[in-house]
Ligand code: UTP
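As structure tokens, one chain now follows by itself in the form predicted alone.
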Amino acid sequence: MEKKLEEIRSILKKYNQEHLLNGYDKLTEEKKQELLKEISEIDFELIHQLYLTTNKQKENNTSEITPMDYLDKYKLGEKYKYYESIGKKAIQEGKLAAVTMAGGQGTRLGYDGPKGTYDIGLDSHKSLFELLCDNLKEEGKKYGVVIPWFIMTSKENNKQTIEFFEKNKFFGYQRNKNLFFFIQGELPMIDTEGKILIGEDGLIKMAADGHGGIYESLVKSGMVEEMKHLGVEWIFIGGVDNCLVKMVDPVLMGIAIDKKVTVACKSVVKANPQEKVGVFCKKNGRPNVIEYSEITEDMAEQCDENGELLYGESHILCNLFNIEAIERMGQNPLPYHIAYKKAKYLDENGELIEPDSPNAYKFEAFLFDAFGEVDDMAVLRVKREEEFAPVKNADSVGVDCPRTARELYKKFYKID
């Protein structure tokens, strides 16, 4: 232990992060070992490079942005049945797995616990996890298969999530046979001087690395190998907070297989030209999703000859990937985006500091930043009221909240 401690002191000195051991002597033996393990796993060179990016002026965006083609699910005509039959065959052959990103807490909902365990207020009192599971099981029965379900948790909520599933007998799934849990990656938070923060528990202050970490997490956790063992070729990735997510869609799968693309995504048309959502486009000729702030007001208003918005396809985090694309994307981390946040931390004297304003940087990767790695992809427009009912905000906000999600869910499933 002493030898390990000296090695770590040497590394910390090199990167000017010696303060991480300031409270070491006050920790329990268990916590001491945990802290040393955390420090030994930090990529200090990466953290240093990320800190340098916080001081750079935002570069002028000189990318050429052009519209991206899409298919409308309900305007496919005869092609609908054709794509559906291709997708059905693949699903019946057990080639599809579902991945649910569930690393978040229900903090914004005023709920203390993993967001997936949240009850949106239906008479059944089913949690978001159970609503998603019901849909998966129903679709599995339709195709005569059990669709393997992979759930990405976070270090913060992994234990609570698994306990919740255990309490509910895994909703009829079998752990490590067709239900698997894996943990999202994390990165340390740093202050404006580039110093890594120590959290209230005396350990490194970590933050999840964003939904873009999904590829690396799937590969590093061994889940991709598990999928291959099960004969999976296609992976649907969606968020836990969309209670109308359709993880099993033969039309989407059929389009991907027929068009020989390794990525196929769903979109909903923007509610209005100025809606603050990421939209599908091509950036320098390659597939991409850009934030609303990246296109001008004129571009946002532009329409095609049919009166449809040229930049009107919203990314709703409903994405289908070929397993080979996941493997490829998981080999290298995506670029990180900087978020400036409020973060409690212990100062050099071990005192808890609770800031009133943002004081720390966290770094996140975005799942759609990997789209530029592929030559082409398919985008399928679906109906918002059928497939997109997110639970992101408290009811007091009035949009994308439990009330709106509940209404959409009841209307879709014809629940009085």
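This is a predicted model, so every value here is computed, not measured. So that there is no doubt, residue numbering starts at 1 and follows the sequence shown.
Another form, the form predicted in complex with the named molecule, is not on view; read the next lines as being about it.
- Each of 108, 239 and 392 comes within 4.5 Å of the named molecule in the predicted complex, counting any heavy atom.
- In the predicted complex, the named molecule sits within 4.5 Å of a heavy atom of residue 101.
- Although the partner is absent here, residue 244 is not a contact residue: none of its heavy atoms lies within 4.5 angstroms of the named molecule in the predicted complex.
- Taking non-hydrogen atoms only, residue 139 never approaches the named molecule to within 4.5 angstroms in the predicted complex.
- Although the partner is absent here, residue 325 sits far enough away that none of its heavy atoms falls within 4.5 Å of the named molecule in the predicted complex.
- Only one of the listed residues (248, 189, 208, 120) places a non-hydrogen atom within 4.5 angstroms of the named molecule in the predicted complex, and that residue is 208.
- In terms of contact with the named molecule in the predicted complex, the residue from 224, 197, 317, 232 that brings a heavy atom within 4.5 Å is 317.
- Just one listed stretch, out of 301-309, 163-171, 108-116, 248-256, contacts the named molecule in the predicted complex at the 4.5 Å heavy atom level, and that stretch is 108-116.
- Contact annotation for 150-164: a single residue, 152, has a non-hydrogen atom within 4.5 angstroms of the named molecule in the predicted complex.
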